[in-house]
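Single chain ahead, written as structure tokens, the form predicted on its own.
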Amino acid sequence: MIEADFHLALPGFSLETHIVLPSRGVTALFGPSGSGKSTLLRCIAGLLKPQYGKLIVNGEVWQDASHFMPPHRRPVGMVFQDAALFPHLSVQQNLDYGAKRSRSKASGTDNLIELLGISHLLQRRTDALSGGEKQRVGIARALFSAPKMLLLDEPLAALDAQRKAELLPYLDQLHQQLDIPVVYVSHAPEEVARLADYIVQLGEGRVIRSGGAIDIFPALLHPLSQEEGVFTLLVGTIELHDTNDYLTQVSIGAHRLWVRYINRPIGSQVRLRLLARDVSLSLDPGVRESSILNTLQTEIATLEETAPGRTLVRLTLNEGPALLSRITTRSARALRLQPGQQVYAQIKGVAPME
């Protein structure tokens, strides 16, 4: 368990946070620019010394009213937007530099190199790498120091969409195998949905809410509900594969969904993205001769007109998560939809987050 309590006053900004984080998995610090995400991360790293601070990591006091562990002694690995590699050194030499910072040899370094896909880069100079490659090397160098915590400050922010898409699978694999806590700063819901196990939402230097990703994620989308790409995050378990039709069945609580084939073993946990625009509503469960594979009985929780002519409907499932559906306001009016009403969600498509 990680307990972090910081009170920091800066010109024009103050940070007042008290959070308790899990000792394994990825915790996302989420919020808009200026909300205090990076400031909080720097407090954890010891790069900022607040007027009051307490940081206890798995029972070890790094900081309290009478003790402050300086940043160079804190066993953390940190990666910024810019990987900050030594451009005149090779990838291998950058990794060796990270290893020298360790008081104990990092275990599984060969596996780490393979996991991050950088074995073919070891003899190259880092100034010849792409942005995504630099970030992978930066993460590897941070982990070569055998840290007790990995801190990532918007590592994808400086990358274009293609480079982000290349790096995300590596981060996903890494987070599944690391035994140390990862604190990940981001303002992008897509990244948080893909990687986070736990979420701390910040606003103006204060904690707005915190908790497990599945519980907290729907609340993060409220101010984004006018965006076309708003989606529901689902976590389920692979039940079976249909290799003839290249489909996979995933269980979400008591419900089953068919999705495009996911190349993972049966029993694997997967995250799914369900776009609100891909969920239509019906009052009749008996839709026949339809191309839609998935229909779930749901209940309307709320309706909100988020843009002219567009209504966002929040749906609840028995023994399952909430769903979002974006429909026209005319359709909502024609169906006389209202909170508490039983409806059928027709799901046009569900995509694995990969």
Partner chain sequence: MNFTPQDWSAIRLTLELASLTTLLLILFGTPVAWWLSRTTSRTKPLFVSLVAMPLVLPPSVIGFYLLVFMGPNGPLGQLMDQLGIGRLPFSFGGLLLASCIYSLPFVVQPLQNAFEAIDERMYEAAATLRASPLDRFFTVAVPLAKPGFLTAAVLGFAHTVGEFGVVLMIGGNIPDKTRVVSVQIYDYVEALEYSEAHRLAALMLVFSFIVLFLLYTLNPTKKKAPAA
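As the structure is a prediction and not an experimental result, all values here were calculated from the model. Positions refer to the first chain, counted from 1.
The form predicted in complex with its partner chain is left out here; the points below concern that form.
When you look in the predicted bound form, the only residue of Pro71, Gly253, Gly117, Pro218 with a non-hydrogen atom within 4.5 Å of its partner chain is Pro71.
Taking a 4.5 Å heavy atom cutoff to its partner chain in the predicted bound form, the contact residue among Pro181, Gly98, Gly236, Pro155 is Gly98. Although the partner is absent from this view, Gly132 stays clear of its partner chain in the predicted bound form, with no non-hydrogen atom inside 4.5 angstroms. In the predicted bound form, its partner chain lies farther than 4.5 Å from every heavy atom of Trp258. Its partner chain in the predicted bound form comes within 4.5 Å of a heavy atom belonging to Pro75. Its partner chain in the predicted bound form is not approached by Pro265, whose heavy atoms all lie more than 4.5 angstroms from it. Here the chain stands alone, but in the predicted bound form its contact with its partner chain, taken as any heavy atom within 4.5 Å, falls in 146-154 among 199-207, 265-273, 186-194, 146-154. With respect to its partner chain in the predicted bound form, the three residues Arg42, Asp82 and Leu85 uniformly fall within 4.5 angstroms at the level of their nearest heavy atom.
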